[in-house]
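Below, in structure tokens: the form predicted on its own, a single chain.
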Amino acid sequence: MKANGESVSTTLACSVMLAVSFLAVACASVGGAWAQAYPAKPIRLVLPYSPGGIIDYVGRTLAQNLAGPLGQQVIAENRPGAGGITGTDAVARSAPDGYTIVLMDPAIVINPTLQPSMPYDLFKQLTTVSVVSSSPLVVVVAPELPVKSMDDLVRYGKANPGKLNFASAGIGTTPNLAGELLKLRAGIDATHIPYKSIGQSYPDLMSNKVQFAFSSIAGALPFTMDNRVRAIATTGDTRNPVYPDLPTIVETGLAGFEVDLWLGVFAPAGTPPDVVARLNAAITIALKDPELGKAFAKVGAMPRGTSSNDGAAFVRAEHAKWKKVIEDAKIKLD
């Protein structure tokens, strides 16, 4: 009887072990299927500014080109407010499942220093998926100003202290900080005049109420094409194809003066690494499409693409760079 009992126990133990093994295999298979299934539904790409700007254009172009590599529709959704904070905060608080992501510009690294408080922590609540594009700013001047180059602008500023006003799309925007960086590096005095958008500043630029601005290429093109304002330089490390005859500011003698209106895709922190990798791979494929490159070029943007880790390192470096400018220039919100 004892032998029979031991045999029954052994049989039961073996059965249990087999059942556990089958269950483990089944779970692993289901888990693998879930991972492979991403994305199983449309993805929402939040654009945290109003329609019409570079984020709107690049975001919608990217969304269209991601549908193929991802096998799902990517829906671009404008969610403006508070200089990009409203839409970015919504994504930071979303479920970390890869179905809600955001496209953001350098304001994402500027706001944490400039704002007295932030509803989210950039480095704790968001994950960099990829830096998707680079775009220099273009320096434009009023047609009445006796300035045809950066050297002219710097000389005029030094000879006429207090007589230069420069426009931007608002306090803390990349064009605002580019102007402050120029003041620090060139040693000129200029008063910042913020507008709700760079487009709203152009009537005052054309009438010489403000004398210069650092503008996105997308914002400047309609006004420089017919010479209503004069473009004198760009802020990239190389000349931009939209303005091939314009020198970079570095070429004019201000070494290291580079300002990039880059755009990056971010996901909520905690998004599974395999999902981030899937998104990154799809973005990489989309950015290699020649048609996308042509579309980006229309607004002076160049496809970039980074790994998630390289993108995160770049974002931290940009945060440190602009933090120093804000502190050195003593920039504060009104």
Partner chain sequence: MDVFSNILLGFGVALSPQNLVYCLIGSVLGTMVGVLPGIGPVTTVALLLPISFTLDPISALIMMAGIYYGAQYGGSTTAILINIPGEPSSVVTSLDGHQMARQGRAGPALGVAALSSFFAGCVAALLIAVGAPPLAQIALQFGPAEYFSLMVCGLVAAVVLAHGSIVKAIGMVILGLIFGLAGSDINSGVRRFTYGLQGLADGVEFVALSMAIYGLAEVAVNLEKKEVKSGIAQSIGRVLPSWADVRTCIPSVLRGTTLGSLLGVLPGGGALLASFAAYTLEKKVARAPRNFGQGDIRGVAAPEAANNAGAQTSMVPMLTLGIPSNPTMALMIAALMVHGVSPGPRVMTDRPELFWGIVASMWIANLMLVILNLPLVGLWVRLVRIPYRMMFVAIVAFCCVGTFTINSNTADLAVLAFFTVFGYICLKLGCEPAPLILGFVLGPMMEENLRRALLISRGDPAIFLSSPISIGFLLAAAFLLIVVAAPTIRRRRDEAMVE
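Residue numbers count along the first chain shown, from 1. If you're wondering where the values come from, they're calculated on a predicted model, not measured in any experiment.
Heads up, the form predicted together with its partner chain isn't pictured, but that's what we're talking about next.
Interface residue remark: residue 196 is counted as part of the site for its partner chain in the predicted complex, having a heavy atom within 4.5 Å. Heavy atoms of residue 243 never reach within 4.5 Å of its partner chain in the predicted complex, leaving it off the interface. In the predicted complex, its partner chain lies farther than 4.5 Å from every heavy atom of residue 250. Interface membership of residue 162, defined by any non-hydrogen atom within 4.5 Å of its partner chain in the predicted complex, is confirmed. Residue in contact with its partner chain in the predicted complex (any heavy atom within 4.5 Å), chosen from 112, 96, 143, 81: 81. For the options 218, 132, 177, 232, the one in contact with its partner chain in the predicted complex, meaning a heavy atom within 4.5 Å, is 218. Within 4.5 Å of its partner chain in the predicted complex, a heavy atom is found for every one of 56, 222 and 298. Remark: of stretches 123 to 131, 145 to 153, 259 to 267, 185 to 193, the one touching its partner chain in the predicted complex is 185 to 193 (heavy atom within 4.5 Å). Residues of 250 to 269 placing a heavy atom within 4.5 Å of its partner chain in the predicted complex: none.
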